[in-house]
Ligand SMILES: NC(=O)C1=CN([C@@H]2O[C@H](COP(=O)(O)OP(=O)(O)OC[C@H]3O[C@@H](n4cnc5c(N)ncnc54)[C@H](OP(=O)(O)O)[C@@H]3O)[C@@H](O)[C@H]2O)C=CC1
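One chain comes next, on its own, written as structure tokens: the form predicted alone.
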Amino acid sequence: MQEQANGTSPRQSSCLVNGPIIVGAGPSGLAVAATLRQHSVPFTILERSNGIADLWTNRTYGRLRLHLPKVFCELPHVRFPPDFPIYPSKHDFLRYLHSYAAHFSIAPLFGRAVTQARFDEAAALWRVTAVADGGEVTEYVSKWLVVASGENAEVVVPKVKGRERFAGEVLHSSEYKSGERFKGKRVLVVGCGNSGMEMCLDLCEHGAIPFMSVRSGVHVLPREMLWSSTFGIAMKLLRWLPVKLVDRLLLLAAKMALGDTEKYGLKRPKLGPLEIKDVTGKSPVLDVGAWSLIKSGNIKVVAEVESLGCNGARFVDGSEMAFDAVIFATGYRSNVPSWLQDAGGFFTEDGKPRARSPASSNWRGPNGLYCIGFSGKGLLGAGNDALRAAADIAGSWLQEQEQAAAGISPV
């Protein structure tokens, strides 16, 4: 253990937890905590930041709205208020989450960064080490560990040759709040997902000159078709039709509504939007206004970045352009491998549950290990996993309580 600046070792303690340890106080952690509360099962949430939903609070841009209708984004047991818009804003969603936590009396331990979690075979217990903001080190011990730190725990910034030479501003989308301060500037946005497209729209509306660098194919779909959400229509069709056929119908409707996206530099992948989501986890872009600006030339699509120079970028097609700023809209990744000692191999090297059959069982691992928010199915998927995991934990917790009351030692 490293010593503190004054030469003394940080304070250490141990805490036996009655109920599961939940790592993460985002929507996934709140969903499983609320459901455990419904089952009268106690829990302890460890959260590295100083508040709930850190990603939504501190690492999202101001104009962000839920890309899916609110009915698909509700957490278990509590609906959105009826006066919320169909697509709630970032601030609406945060109000909902804070109200949700208060409703279920969820009080995470904030400022607790988990540095290690391991399963003690001899004791059949999980030992989770967390460091508080003040440097205190605590080992939390429980029979159950719920990993709810999510797929978006750490930013992903690709290594680009020459970045250190670029004289302008370089930032990740997690640091972007508004295009207001980029007025009149040429801004290169690297990435063409939902965030990249929406930031280009925001930049354009604030008088900046955005360029969007596209490395691979992307599916752009209208957010709504036939006066209904595209996602809602897709979910209904999937009840009766196979994924490939639903994809063909979605792409036909998208072409009728948007035209040929490849004509403007946005090549569609070979796999359809739903199939590619299942295979890779990559979501299609649900257009909220950027597409019309791409067609009008106000948002310019450029090739993949080959390198950065002092005043701009060189692209793989050999062209060069000058820029005042570069924004990496290159997403996030899980940080689970950095702290979970996963002897059972439940998680892959990139911090996602290993593919299993049936896929619906991916929320439960060995030795009382659970994961919420890693299904690639957004808030709806996280809520479903939370219901399953909490019910499973509640069953074994209740059995343990009954054995204790009867004076029977747990096996």
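Note that the structure is a prediction, hence the values are computed from the model and not measured. Numbers for residues come from their place in the sequence shown, where the first is 1.
Just so you know, the form predicted together with this ligand exists too; it's not on screen, but the next bit is about it.
Not displayed here, this ligand is approached by L64 to within 4.5 Å at the level of heavy atoms in the predicted complex. Proximity of S105 to this ligand in the predicted complex falls outside the 4.5 Å heavy atom cutoff.
By the criterion of a heavy atom within 4.5 Å, E198 is counted among the residues contacting this ligand in the predicted complex.
Although the partner is absent from this view, R248 stays clear of this ligand in the predicted complex, with no non-hydrogen atom inside 4.5 angstroms.
Scanning T138, N194, S142, N298 against this ligand in the predicted complex with a 4.5 Å heavy atom cut-off leaves one residue, N194.
Among F315, Y332, F84, F211, the residue placing a heavy atom within 4.5 Å of this ligand in the predicted complex is Y332.
Heavy atoms within 4.5 Å of this ligand in the predicted complex are found in exactly one of 279-287, 178-186, 162-170, 76-84, that being 279-287. Judged against this ligand in the predicted complex with a 4.5 angstroms heavy atom cut-off, the residues N152, V190 and S216 are in contact without exception. No residues of 251-272 lie near this ligand in the predicted complex, the criterion being any heavy atom within 4.5 Å.
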